[in-house]
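What follows is one chain in C-alpha cells, specifically the form predicted on its own.
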C-alpha cells in the first residue's frame, strides 16, 4: 500500500505538459505514492457546464494533497458562448475551479516563493530570496459580486453610506459591485502563518502590504491584526508598506525583503511582480495550504498557444513538487530536488525557450532528474 495518495489534476493547456514533466521527477525520486486522476478544467465546463465536477471534489476529500497543472478562465460572456449548445441559456455561470477549491477546502494560505538561482540569465539580482503569504479565500476574489445592482443592495447603500450619493443618479443596470470583504480571523491567520514561517526559517523581517490610507476599513483591519500578531514575535521586525510603494521597492531593493504578507488581490499582483525578478512565471511555484489539505501548482496560466508543444519551462511545476514534498515531511527529498534545479540552472547546458535555449519541457525535466 502506498504511503501517500496524491490528487492528479493536469487541467488545461500546458498544465498537461508540465504535469508530465513533474511525473519524470516523481518517478526519479521514487516517492511512495499513488496518483489519483481527477477531472477539472475548460473541457468539462464546455460539455458539462461545470469545470470542477462533484466527482473530482469527492476524490480530493480522500487524498493527502494534490498537484495541479494549469487552468483556463474566461469572462462570463465568453465562457457561456463556448458551452455545448444544449447547455446555453440554461443559467450556467462559469467560476474558476482553483478559486472554488481554495474556498471549499479553506486553503487560506497561498505561499509563493521567489528565489533567484545563480546562472539564470533572467534574474534581476542573484541575492533575491523572498516568499509571499497571500490570504487565499477572502478579499476581492471572494466572488461576492453584483451586476446589475439588486434593489435591496442599491437602496441599502444609498440609505447607509453618504458616498453613494454620486451613484444615485446612475441606473442600476449601469452599476457593478465587487465586495472586498475581510474577516478578523482570516487576517490574523495569514499574518500568523507568515510570522511562524519567518521564525522557523530565521528570516530577518515580515512585511505587511496593504493600502490603509485609502482602503481604510479592510486594509486597516489587516494592519491592526498584523501589529497584534507581531507582539508575539518581538525578535522579528514588522514592516508596513503600501502596495503601490511595495511595487517600487521590489524593483529598487528586492534583496532587502524576506517574508511578505498581504490580502488576496494584492498578493496576486505582488507575487507576479516578484516572480519576474527571479526569471518569470516559469520559476513561480505555489502552495495553497489549509489546516488539513493542500494543493500545489505553478502560477503560470494554461498558455493555450503552447499546449502540447512541450515548450514551456517546467521549473515552476518542479519547484511546486518540492513544496509538496516539504508539506509531506519529505525534507531530504525536497532538498535534493531543489539542489538539482539549482545545479541545472547554474550549468545552463539545458534551457527552455524562455531562458534562451531550445530544449523541450521534458528534456529540461530529464536534466533536472539526472542530477538528483
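Numbering follows the first chain given and starts at 1. Not measured: the values here are computed from a predicted model.
Absent from the display: the form predicted together with a small molecule. The rest refers to it.
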Partner contact for residue 99 in the predicted bound form: the small molecule, 4.5 angstroms, heavy atom: yes
Contact label in the predicted bound form: residue 268 to the small molecule, heavy atom within 4.5 Å: yes
The small molecule contact at residue 299 in the predicted bound form, heavy atom, 4.5 Å: yes
Contact test in the predicted bound form: residue 141 vs the small molecule, heavy atoms, 4.5 Å: yes
Which of 246-254, 151-159, 116-124, 99-107 sits within 4.5 Å of the small molecule in the predicted bound form, heavy atom basis: 99-107
